[in-house]
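Just one chain follows, in the form predicted on its own, and it is written as structure tokens.
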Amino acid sequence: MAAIYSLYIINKSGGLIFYKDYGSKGRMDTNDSLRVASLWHSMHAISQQLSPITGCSGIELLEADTFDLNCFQSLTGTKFFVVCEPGTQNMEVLLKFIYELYTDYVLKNPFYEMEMPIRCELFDIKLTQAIQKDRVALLGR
């Protein structure tokens, strides 16, 4: 069983710019993945406003019975979130590494337009390698 179910990248206005499924039991179609991304963006924004702590950056971890949702928001407002098995450790490290891949292979790509869907083959390759490496590390524990 894979530790990571799926990865989403949402732009600062809440649009889904990247989605990748990594073998979850119930694969989602395009409309469902758009709804999940939109719902998460809204919940994240509401949590920032309702938090009693000043300077709160929103929900970072949502724990459910059947999955965990880990989120990393960059300074530009782009959100990276991973849906994974409950109790999976070190997802914040993986999300920060994915952000590094995003900055190296997407933002530095002269053909990429900001806030648009990500279509970068090198990013896909490096991302798949990082996820596979993380799975191997998780299985070895």
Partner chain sequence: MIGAGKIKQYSNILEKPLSKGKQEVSLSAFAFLFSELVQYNQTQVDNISELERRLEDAGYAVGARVLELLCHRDKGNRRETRLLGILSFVHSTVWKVLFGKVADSLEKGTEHEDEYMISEKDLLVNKFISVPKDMGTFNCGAFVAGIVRGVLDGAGFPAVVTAHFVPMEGLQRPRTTILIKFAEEVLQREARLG
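Here the structure is a predicted model, which is why all the values come from computation and not from measurement. Residue numbers count along the first chain shown, from 1.
We do not show the form predicted in complex with its partner chain, though everything after this point is about it.
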Q. Which residue among 56, 46, 61, 107 has a heavy atom within 4.5 angstroms of its partner chain in the model of the complex?
A. 107
Q) So, in the model of the complex, is residue 120 in contact with its partner chain at a 4.5 angstroms heavy atom limit? A) yes
Q) Among 108 to 116, 89 to 97, 71 to 79, 38 to 46, which stretch has residues whose heavy atoms lie within 4.5 Å of its partner chain in the model of the complex? A) 108 to 116
